[in-house]
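Only one chain is given next, in structure tokens, and it is the form predicted on its own.
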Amino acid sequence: MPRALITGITGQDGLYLAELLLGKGYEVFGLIRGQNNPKYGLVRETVPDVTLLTGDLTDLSSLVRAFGVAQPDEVYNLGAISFVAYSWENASLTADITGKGVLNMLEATRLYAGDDLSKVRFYQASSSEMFGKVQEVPQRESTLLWPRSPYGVAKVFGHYMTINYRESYGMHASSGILFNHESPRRGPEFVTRKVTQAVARIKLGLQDDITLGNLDAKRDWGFAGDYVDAMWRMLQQPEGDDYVVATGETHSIRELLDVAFAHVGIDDWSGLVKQDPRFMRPAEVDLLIGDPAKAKEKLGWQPTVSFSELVAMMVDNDLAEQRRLSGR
């Protein structure tokens, strides 16, 4: 039975990946920060067969202990402060966890493997936010990185550190440069879930409107359940490498609003959406669209959920949740 260690087990990717690996017969261990983590119950309920270990990406000794217990064949480093807007509010903490945390995980992997680096494979969750001020369209594995947020800068550090460990030590280390991927499990602070939750509440008469920032920003949005499959496929390859994981399509926030409101029968949302400069980024990333050709060719990976299907899935989930919470 193969064994896997997942950091960031409490996030949407961690939960979907745990489900995928359990379905393939893995013994799965999840790293969770703190005994009183508010998402502990969610993980227990969603993936009860996962063994949870306490650890902290900023504490190398705790990671070494976790490796000693998990004895993993595969390591998936998904843990990060992943909300981009927050990274301006606390750039130092973002650098420590999203950036230096990757170094700690790579070093813990190297120490665990010892003289036999072939016994463990490492996955790093890189991000399309690394492209930032995009230098070519679409973005590929070879596109120059120009991050536009402390989060993006921290991800670049982790990305290049992963490459460095692969080249310096011969470690089987891969980075998935994942473009925006969403699901009903996405946190409500992210714009996609903020929109679908608000649309559900507006439809049910629970709120009057929604306030957003830049409606013209464009993203390449896919389904998180598809993207964790790409992560697993990377670690089944003979050698580590870097892969862009994306749909190859781009949609604006306006299009997101069009699809979400239309799904509940509202065709004109102009009077239901407000804009506030507080929700504008200090340095905006205007256009992200990935070229997944390498992942399709080498991994045999394909996205299976379209943009409209993804939005409908999220709206339906929020309608059901809001009806349950409100009794309507």
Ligand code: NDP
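Note that residue numbering follows the sequence shown and begins at 1. Computed from a predicted model, the values in this text were never measured in an experiment.
Below: the form predicted in complex with this ligand, not depicted.
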Inset, instruction - Indicate whether this ligand has at least one heavy atom within 4.5 Å of a heavy atom of residue 317 in the model of the complex. - result: no
Inset, instruction - Using a 4.5 Å heavy atom cut-off, state whether residue 9 contacts this ligand in the model of the complex. - result: yes
Inset, instruction - Please run the contact check for residue 121 against this ligand in the model of the complex: heavy atoms, 4.5 angstroms, yes or no? - result: no
Inset, instruction - Using a 4.5 Å heavy atom cut-off, state whether residue 46 contacts this ligand in the model of the complex. - result: no
Inset, instruction - Heavy atoms, 4.5 Å, this ligand in the model of the complex: which of 112-120, 77-85, 196-204, 157-165 makes the cut? Say which one. - result: 77-85
Inset, instruction - Heavy atom within 4.5 Å of this ligand in the model of the complex: which of 260, 57, 295, 66 fits that? Just give me the one. - result: 57
Inset, instruction - Identify which of 126, 247, 94, 139 has a heavy atom within 4.5 Å of this ligand in the model of the complex; exactly one of them does. - result: 126
Inset, instruction - Given this ligand in the model of the complex, answer whether the residues 100, 233 and 243 all have a heavy atom inside 4.5 Å of it. - result: no
Legend entry - Sequence-ordered residues of 221-242 touching this ligand in the model of the complex, heavy atom within 4.5 Å: none
